[in-house]
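Here we start with a single chain on its own, the form predicted alone, put down as structure tokens.
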């Protein structure tokens, strides 16, 4: 009797230990992940991204029972695109909410503010919604961090290559957000123009993300003699730049970073300043466009619209950030599926750093998600696209290995 009781007690203790040995955020039937996003403040136009990601996770929970029998719970917190708010928000998610991982948190400065903290605690900081190149290049020092977006320097270099091939005598003016985001894009542009970047770029005007307008910067850029305007800012100042250029009767060839090129934003500019203010604008692309008539029968676009209709009916399918968000959520689910029946944080990182697939339904055909232990750049395939007739129109071949 005593021996049997001891065996039963040992089994109970062993079972309890097994249950408590799971990594934070993992229960028998759920996975809790978290992220910080600008639901308010200067970058609040990105606030719909986590809502669309949750919509995809809810779709997976309802149609597949989650991942390996565990439903995904996604808690996102507002940090206002302010790194000083990101720090306590991430601490809350990690120390109080006990999330399994931080997924797709948005912004370069916010991400940098918590990178050391998360790596010290071995909490995955993954699929970051920022294209700064150090997420990929500094993986040895920060093995628990990996980005998702295409490299900002890579995009800047692509713009330079296109200008050199089509309008080699162009005089380029740059409106640059005065932070690491804008600086990395500018560095890539200069790299693409090297060794003649100083003669190609006739003026660079910095602007703070919270600036109420960009009038002085645009007037200086026009006065510089620039015939090509490159906008390296987040959505709010980018929209202001387009509208201001039209107001001062300046009509340069415009290039804008993909982060501010949503059809929703372009349509708002056209409504405010006329179609001529946006027609002919060039950007890069890697996600499908639900507003493009030529993509209406695409299975990925149809799936996106189906999920939106049921799980996020208030969302606007013209906002490219939403289909982008679902591409991120798909990638997270794909990695969780490959992380094992009972996922661990290390297993999740192993899966993310051994991705090799072109099956993401929300990305353009030709875009491959490919990483390895020594390659932490998720998306390196970009194509150029031009705004005309109320939507983006891809042209030319893909630029590969853009970083």
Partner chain sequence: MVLLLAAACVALVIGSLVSDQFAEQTVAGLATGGIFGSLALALVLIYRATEVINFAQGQMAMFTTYIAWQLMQWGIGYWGAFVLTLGIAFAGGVALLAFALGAVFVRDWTFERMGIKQAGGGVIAVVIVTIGMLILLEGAAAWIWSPEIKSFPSAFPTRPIRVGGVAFSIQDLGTIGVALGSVVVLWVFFQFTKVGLAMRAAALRPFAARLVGVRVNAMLALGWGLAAVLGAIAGLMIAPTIFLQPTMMDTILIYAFAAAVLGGIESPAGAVVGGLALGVVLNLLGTYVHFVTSELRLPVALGMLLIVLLIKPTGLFGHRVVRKV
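Positions refer to the first chain, counted from 1. As the structure is a prediction and not an experimental result, all values here were calculated from the model.
Only in words, not in the display: the form predicted in complex with its partner chain, which the text now covers.
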Item to check | Partner-proximal stretch of 101-109, 209-217, 281-289, 81-89 relative to its partner chain in the model of the complex, 4.5 angstroms, heavy atom | outcome: 209-217
Next on the checklist: Whether 41, 246 and 265 jointly form a contact site for its partner chain in the model of the complex is the question; each needs a heavy atom within 4.5 Å.
Outcome noted: yes
Next on the checklist: Would you classify residue 272 as touching its partner chain in the model of the complex, given a 4.5 Å non-hydrogen atom cut-off?
Outcome noted: yes
Next on the checklist: Considering non-hydrogen atoms and a 4.5 Å limit, does its partner chain approach residue 319 in the model of the complex?
Outcome noted: yes
Checklist entry - Does its partner chain get within 4.5 angstroms of any non-hydrogen atom of residue 190 in the model of the complex? => result no
Item to check | Proximity of residue 235 to its partner chain in the model of the complex, heavy atoms at 4.5 Å | outcome: yes
Next on the checklist: Under a 4.5 angstroms heavy atom criterion, identify the one residue in 146, 229, 239, 114 near its partner chain in the model of the complex.
Outcome noted: 239
Checklist outcome for this item: Answer key, its partner chain contact in the model of the complex at 4.5 Å (heavy atoms) among 276, 194, 223, 309: the residue is 223
Item to check | Members of 48-70 lying within 4.5 angstroms of its partner chain, judged by heavy atom, in the model of the complex | outcome: none
